[in-house]
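Quick setup: one chain, the form predicted on its own, written in structure tokens, and binding and motion questions come after.
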């Protein structure tokens, strides 16, 4: 057996932990997750106690990372407990890629894979996709053989070049669109409404260029190491419906939400007396609330998730009831398709107000920008 894959996996782990702002948080979460996943082999009673303990610890860590209120509350504690909580919570916020570990661990827990310690180690610390995806499903990761693939070099170079160009374009656009900068974002309230609309749409383009650029680099790196990472974006600004947008935007996260949240909930609701109409309205809203909470448990991200959930529910209702009543000629007409595209991306742009990762702009400031965009404030 070649030792090269094991050496590469070890280098993955060293790189991941070295680039983490604090090693203790990454190591703790890995140990919690390993015990939870590998503990499925234990006797039922022992597994129950272990599961409850690990879930509680992991949930606390998740809250510390995602909820600013708890961090501020914990920072007021006196003595050693308060100092420890401050250190862990601050480190959690700065630990790169930790939120993607949550997705992989949940995948691993529900997978029927008979996990071994080395197998879970490789899945957890897969460096090419550790920091910002794409989110690998266990089956995809375990089918991959970690090795240097010379045949993928041209493919990797192409993806790296695409990524560098997109990131460079995002850096240029960031200077042109003040909504991507902390100081200028607060000044946007004084802009004319048409200019503000252009600004929020361009900010979404900036976010796409930035995120998809890094995804391109990681996908190229993954293929070079023999890991068949899935695509993460497929021209989302070419979508003409909100559903189409989410089928093209952060595809691997959408697949995770569908597999871990939407599908189990739909089975549960449709197995009861819940009507299909109620289910079609509830499922997108709950799924996208989970998506917002995964980014951070704040009012802004939860509202962003709910906003998209409502949009998906409305589109599902339109597709089910109104769309069949329209003639095929009308549905294919340029004016109809243009109006659908415009309405979709105006809706997405509105939601970006609550999502954009701009420091120094609070929920109230974002709400005022939103109100101006929709005409509630002048």
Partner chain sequence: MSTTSPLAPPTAQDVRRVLEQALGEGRLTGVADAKPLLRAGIITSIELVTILLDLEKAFACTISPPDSSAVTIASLTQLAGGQAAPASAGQVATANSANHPVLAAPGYRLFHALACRPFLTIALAVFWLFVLDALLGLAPQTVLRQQYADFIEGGKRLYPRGSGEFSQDDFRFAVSQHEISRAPDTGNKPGNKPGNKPGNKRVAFFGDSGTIGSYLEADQALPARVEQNLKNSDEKWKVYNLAWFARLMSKDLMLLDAVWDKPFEVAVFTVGDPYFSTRNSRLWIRDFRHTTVNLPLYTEFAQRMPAPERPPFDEIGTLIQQSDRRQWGALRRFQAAHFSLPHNQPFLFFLTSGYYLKPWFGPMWQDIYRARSERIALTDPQQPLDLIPRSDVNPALVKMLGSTIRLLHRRGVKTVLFVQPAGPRERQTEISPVNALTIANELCRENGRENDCTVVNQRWSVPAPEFLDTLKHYTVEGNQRLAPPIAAAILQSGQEGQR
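Positions refer to the first chain, counted from 1. Since this is a predicted model, take the numbers as computed values, not measurements.
One more form of this protein exists, namely the form predicted in complex with the partner chain; it is left out here, but the text below deals with it.
The partner chain is not shown here, and in the predicted bound form it never comes within 4.5 Å of any heavy atom of residue 168. In the predicted bound form, the partner chain sits within 4.5 Å of a heavy atom belonging to residue 262. The partner chain in the predicted bound form comes within 4.5 Å of a heavy atom belonging to residue 319. For the chain shown alone, residue 242 is not a contact residue for the partner chain in the predicted bound form, no non-hydrogen atom being within 4.5 angstroms. Distance criterion of 4.5 Å from any heavy atom to the partner chain in the predicted bound form singles out 107 from the list 301, 307, 107, 125. Annotated contact segment (heavy atom within 4.5 Å of the partner chain in the predicted bound form): 216-224, selected among 290-298, 115-123, 98-106, 216-224. Looking at the partner chain in the predicted bound form, residues 37, 339 and 345 place no heavy atom within 4.5 Å of it. Contacts between 216-232 and the partner chain, taken as any heavy atom within 4.5 Å in the predicted bound form, involve 216, 223, 228, 229, 230, 231.
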